[in-house]
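Just the one chain here, the form predicted alone, laid out as structure tokens.
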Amino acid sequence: MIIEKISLHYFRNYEELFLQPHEGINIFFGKNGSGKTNLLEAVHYCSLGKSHRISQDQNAVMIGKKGASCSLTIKGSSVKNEIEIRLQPGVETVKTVWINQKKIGRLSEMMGILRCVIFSPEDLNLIKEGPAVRRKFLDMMISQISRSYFIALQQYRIAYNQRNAILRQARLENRRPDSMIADFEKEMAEYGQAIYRERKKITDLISEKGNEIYRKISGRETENLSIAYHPSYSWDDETESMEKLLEKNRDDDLRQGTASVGPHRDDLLLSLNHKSMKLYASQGQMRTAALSLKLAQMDIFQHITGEYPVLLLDDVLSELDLDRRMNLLKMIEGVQTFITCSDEGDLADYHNYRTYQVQSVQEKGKMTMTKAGVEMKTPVLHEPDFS
């Protein structure tokens, strides 16, 4: 899977940009705040329909503009597609997705057209923070290779939110939940089981590949990384279904205002040599483990789909020593990769890549990008209609 063209219009600090990236490694270097990560964010938008770092879409629109767009042309093994995201801020930001110049009605229709894996310094939170971060990692990963999973996830959340709403209303009115709650519990159990099965299957693959990759990057054969899926409900226990358990737990859930069991409470347990990484691992071990999870994701995508995803590495190289940096670069040969860094010297000992310098033009309030010292002024393919 290769990105052939990137076109941005009023996206973040890019007034307009048209880029034809290299099929291998692309390096974007420049000062902090120049707009390097914004380019990776645009790719992420076109893959999953949302940013990897903000929850409010209007923040991606250049200040003072009525709309923004990012579009990519992607070449797969047998087909070529164009994906475009248009953002229009207002009372509520309107986000529309266009595939091959046709507006789609459901976000699920874009899943899998562009698969990407992104790693940034914030991904240390996969080890440091709570279960929600790890669940999000799994959900974003699996959604890119299974539209049915993405739909099951959406339906589960709808049923879960509806059940919670009934519980909250019943608590306010000091009464028992109404009869409709059983319907939502049935849906939670049905979609929850589908979510669990996919998460468990993928976690087993991640654990196997992640340990192998961890050893290659760290160079330490004595360290064993293990990832295990930890559900809040035993789906293999046939004595009590989740639907029955939710019914049984209604009184407790009524007091808490939320469901006490289900995929929304599951977790990934990460350990190194059988010790909890969150409690015992060093900063360097955590960083290597988080990177190993993302590279395992890349290999799993290739194994399942037959194509490597696009790899996005945001400010990663400066955090690795020379040996780990070179081990990483060897592992991603043949994968289209976008790397941001503050100094081109981070790749001084590697030569198979294309370099772009990203810099802000303060007096014009925008930025430019140069390749081999030549400013890139090529206009976008078309200006989206934000009217």
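Here the structure is a predicted model, which is why all the values come from computation and not from measurement. Note that residue numbering follows the sequence shown and begins at 1.
The protein also exists as the form predicted together with a small molecule; that form is not presented, and the subsequent description refers to it.
Out of the listed residues V335, L48, L329, M62, M62 is the one that sits within 4.5 Å of the small molecule in the predicted bound form by at least one heavy atom. In the predicted bound form, R325 stays away from the small molecule, with no heavy atom inside 4.5 Å. Under a 4.5 angstroms non-hydrogen atom cutoff, the small molecule in the predicted bound form lacks T355 among its neighbouring residues. Taking non-hydrogen atoms only, K31 approaches the small molecule to within 4.5 angstroms in the predicted bound form. By the criterion of a heavy atom within 4.5 Å, S69 is excluded from the residues contacting the small molecule in the predicted bound form.
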